[in-house]
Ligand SMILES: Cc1cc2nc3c(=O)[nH]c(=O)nc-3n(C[C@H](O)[C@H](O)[C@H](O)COP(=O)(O)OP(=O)(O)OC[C@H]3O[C@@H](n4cnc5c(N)ncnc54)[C@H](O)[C@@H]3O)c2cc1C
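First, one chain by itself in structure tokens, the form predicted on its own.
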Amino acid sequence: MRLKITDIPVMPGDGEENLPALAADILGISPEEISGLEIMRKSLDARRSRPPLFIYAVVVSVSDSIIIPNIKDRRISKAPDLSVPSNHLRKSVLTERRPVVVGSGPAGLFAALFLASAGMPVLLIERGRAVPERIRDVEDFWGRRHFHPESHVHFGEGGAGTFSDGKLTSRVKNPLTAWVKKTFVEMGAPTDILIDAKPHIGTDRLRGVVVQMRRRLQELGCEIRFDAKMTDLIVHQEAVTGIVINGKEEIATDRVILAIGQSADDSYEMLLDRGVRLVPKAFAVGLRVEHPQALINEIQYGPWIGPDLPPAEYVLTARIPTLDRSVYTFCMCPGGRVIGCSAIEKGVITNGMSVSLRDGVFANSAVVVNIRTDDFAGKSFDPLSGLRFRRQWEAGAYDLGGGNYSAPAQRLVDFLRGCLTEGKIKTSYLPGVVSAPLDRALPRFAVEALQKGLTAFNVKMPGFITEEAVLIGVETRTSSPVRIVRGEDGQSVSVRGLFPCGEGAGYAGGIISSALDGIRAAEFLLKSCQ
């Protein structure tokens, strides 16, 4: 029989080789009676009031003839069936015209992989460039401040996640999550992502994973084209009949999976012109905060800090009743760096990025405040008003930074005091920062909420407010401010054959949820062919 055992504590520095003995002790049997053990989950309990512990969940195999004395222990249960639902029963699904997947971020890649695995011929187009060329363009921006409109942190193979921490956390409960992670491992991701409670790949390894996914797709017969921007959607009688690439090449198709990401403002405008129903959506804006990683380790681990513990993380939230706002940290990157990820010319946007080892000297996180649709749309209900709202503040950050893609920055204590930071600001930010008053970088209500929220954070995490902490602006691409409305069949409610998905459609956020939403779109497309 197979039994699941949870809440097995292991001290940092103690090896996983002790798990069979610990599991046997919980069961009330000898270690020799366990014929197999599989680690299902590993998390870190690092509450500051006590020494940190790694907490394991495992599945053990024991003979059916063995009596388990402690079978009623709450930590013991029958092991669940972990088989992953598969699409492999659907083979050689054919359509008159092959479907087109637009976008090669997580949603687009997994949508194409799901379709290709079902034997369906697929065309995958991406407006940006392949990983090697894209890396050169991004590094050119960071090093020489040359902005490439179609090849940057947001556009290109792998989507925005290619230049990120590569987090694989998600609140979505979906059995296909295991298949997504397993696919990443097959493509070269570390096996730890299968068991870690907070898995991440890291930008360095994720780039290779994305390239391997491209090769897998090509082996399955998927055609992939880079520098191929969908400039028009051909609609006849409220149904897709084709797309136009780069303003000149027409591709006939009756099914399009739209996985454009949240930074394709021109695509949103085109879709609206073609009658695709869009609505404004709430999102969040704010700043990036950066501390020395050693300081975060000291705060979080206290006297138990040591080499067997990973770089410390944090998640902080604060409700601001007087402003009816919420302030929270987002996309925290231990041992990472803050990067410039401009998506528009003469605009500054920040984000965080870490390599797989998370061995940088800084820790950073977005600190954002919720933005409601009435903050930018008012009573007009203009579906594109959120795009203009965030562009306004991105352009403002560009001007505050001196008009050369440097980001405006300020020590956290100076931001709270309302005074300009003097002297050199020490930060990891690429391509560079200049001292500027960040109370001019965001709407007044957002600034006030952030100041109150940061103060509250210091109560929850004493030491968060420090002379060493730096704020960098602005963080505006937390999620899409637009939703492409879809029905219960996964298709646009206004244009048949159009399957919006991922972050750009306003239905996902992060690598895992976007990948799952891409698979969902592919499943709906397959059903529409039956």
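All values reported here derive from a predicted model rather than from experimental measurement. When you see a residue number, it is the position in the sequence shown, counting from 1.
The same protein has a further form, the form predicted in complex with this ligand, not shown here; the description that follows concerns it.
Engineer: Please tell me which of Leu113, Ala366, Val433, Ile339 lies within 4.5 Å of this ligand in the model of the complex, judged by heavy atoms.
Structural biologist: Checked against the cut-off, the match is Ile339.
Engineer: Among Pro99, Gly352, Gly286, Gly401, which has at least one heavy atom within 4.5 Å of this ligand in the model of the complex?
Structural biologist: Looking at Pro99, Gly352, Gly286, Gly401 one by one, just Gly352 meets the 4.5 Å heavy-atom criterion.
Engineer: How about Asn370: is it within 4.5 Å of this ligand in the model of the complex, going by heavy atoms?
Structural biologist: Asn370: no contact with this ligand in the model of the complex.
Engineer: According to a 4.5 angstroms non-hydrogen atom cut-off, is Ala107 in contact with this ligand in the model of the complex?
Structural biologist: Yes, contact at 4.5 Å.
Engineer: Examine Val348 and determine whether its closest non-hydrogen atom to this ligand in the model of the complex is within 4.5 angstroms.
Structural biologist: No, no contact at 4.5 Å.
Engineer: Should Gly158 be classed as touching this ligand in the model of the complex when contacts are defined as heavy atoms within 4.5 Å?
Structural biologist: Flag for Gly158 set to yes.
Engineer: Counting only heavy atoms and a 4.5 Å cutoff, which of 274-282, 181-189, 450-458, 222-230 contacts this ligand in the model of the complex?
Structural biologist: Looking at the partner contacts, the answer comes out as 222-230.
Engineer: So which bits of 139-175 sit within 4.5 Å of this ligand in the model of the complex, heavy atoms only?
Structural biologist: Counting only heavy atoms within 4.5 Å of this ligand in the model of the complex, the contacting residues of 139-175 are Val153, His154, Phe155, Gly156, Gly158, Gly159, Ala160, Gly161, Phe163, Ser164, Asp165, Gly166, Lys167.
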